[in-house]
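Take a look at this one chain, the form predicted on its own, written out in structure tokens.
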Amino acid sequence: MKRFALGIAGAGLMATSLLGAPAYGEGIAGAPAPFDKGGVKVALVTFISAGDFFQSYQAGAQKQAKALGIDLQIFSGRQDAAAQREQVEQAINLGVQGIIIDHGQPEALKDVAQKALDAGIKVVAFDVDLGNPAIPQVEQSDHELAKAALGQAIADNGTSFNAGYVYVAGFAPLDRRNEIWEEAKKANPGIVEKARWGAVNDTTASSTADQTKAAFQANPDITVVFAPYDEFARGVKLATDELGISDKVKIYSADISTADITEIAAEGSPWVATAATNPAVVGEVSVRAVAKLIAGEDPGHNIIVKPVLITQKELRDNAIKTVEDLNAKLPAFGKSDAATASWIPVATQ
């Protein structure tokens, strides 16, 4: 999801030129202009760069850029809204043809995103709603993520339980997931939210763990925690382990990584299910979307990458230990046909 903090001085530019097949500067036979001749430059401006999800997202974007012969320059985020805004300005000044904005705070980005559009630069946003009809939004179908995770929680625990909820308002994915949480409580009055907490910063998991301990000490009757972001879930698991109550609590989350799989599948883990897309696939989709815009094609305004439900039992039964295992054993997790075109090469290693 996201994080705040740290100053502009820490928010430097990491420019990654990707040479591959085709090499940057070479064209793709049969592709529309400018991809037929090559030399396309795109900037990926992130809000958060730390954490497994975001590293995997960037790796997927790099793979797809390489396949397209795009010179992808990554501006590494440091959870600083002013810094990210400045980085969009830097990307505009570099003369890129496309900008992907990855997360962030909308009010800090709307005017600079419009400035990019006014300069003829195509813009795509991932998990940040810039409120601009000219900017397609790549989404993980956050409503479906939350529905899948909460559906499993209800299947496991019934429609009456005392719940803890980890949430920070103001971030589009979390806000969309929150809508489903509120709907679930309304539809099931027996689900009682005993406590709500959350932190989004450069130490989200540990901060969440500290808050979780306080929440459980005040509400020892909580048996289910909905933590719809894997860093939240890690923090909750850390706290329940330290409190010695992991056998009394079940955690349901969103997002997945290899490190998460290890945590979920561990003996005695309270983290029993998550709903997720493959972040690398989302990165690929983001690059394909901006490539289509640059080529004069319409990728659609809301570009949805559909999630899958992943349970602890499924991971254990199928000996799934890594995201690569998930890709192999759950094909729906490892690919998406969103923002595809016949001329766009498949991303490869």
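Start at 1 and count along the sequence shown; that's the residue number. All figures in this text were calculated on a predicted structure; none of them were measured in a lab.
Although not depicted, the form predicted in complex with a small molecule is the subject of the following passage.
**Message:** Can you work out whether Tyr229 and the small molecule are in contact in the predicted bound form, taking contact to mean some heavy atom pair no more than 4.5 Å apart?
**Reply:** Yes, Tyr229 lies within 4.5 Å of the small molecule in the predicted bound form.
**Asked** Is there a non-hydrogen atom of Val96 within 4.5 angstroms of a non-hydrogen atom of the small molecule in the predicted bound form?
**Response** Contact check for Val96: no, nothing within 4.5 Å of the small molecule in the predicted bound form.
**Item:** Contact flag, Asp127 vs the small molecule in the predicted bound form, heavy atom cut 4.5 Å
**Value:** Although the small molecule is absent here, Asp127 would touch it in the predicted bound form, with heavy atoms inside 4.5 Å.
**Ile100: touches the small molecule in the predicted bound form, heavy atom cutoff 4.5 angstroms** = Ile100: no contact with the small molecule in the predicted bound form.
**Request:** Scan Gly164, Gly235, Pro173, Pro136 and let me know which has any heavy atom within 4.5 Å of the small molecule in the predicted bound form.
**Result:** Filtering the options by heavy-atom distance leaves Pro173.
**Prompt:** Of Thr240, Asn278, Gln140, Gln73, which one comes within 4.5 Å of the small molecule in the predicted bound form, counting heavy atoms only?
**Reply:** It is Gln140.
**Item:** Check all three, Lys147, Tyr252 and Glu314, heavy atom within 4.5 Å of the small molecule in the predicted bound form
**Value:** Looking in the predicted bound form, the three residues Lys147, Tyr252 and Glu314 all stay beyond 4.5 Å of the small molecule (heavy atoms).
**Item:** One stretch from 214-222, 173-181, 83-91, 258-266 that, in the predicted bound form, holds residues within 4.5 Å of the small molecule by heavy atom
**Value:** Selected stretch: 173-181.
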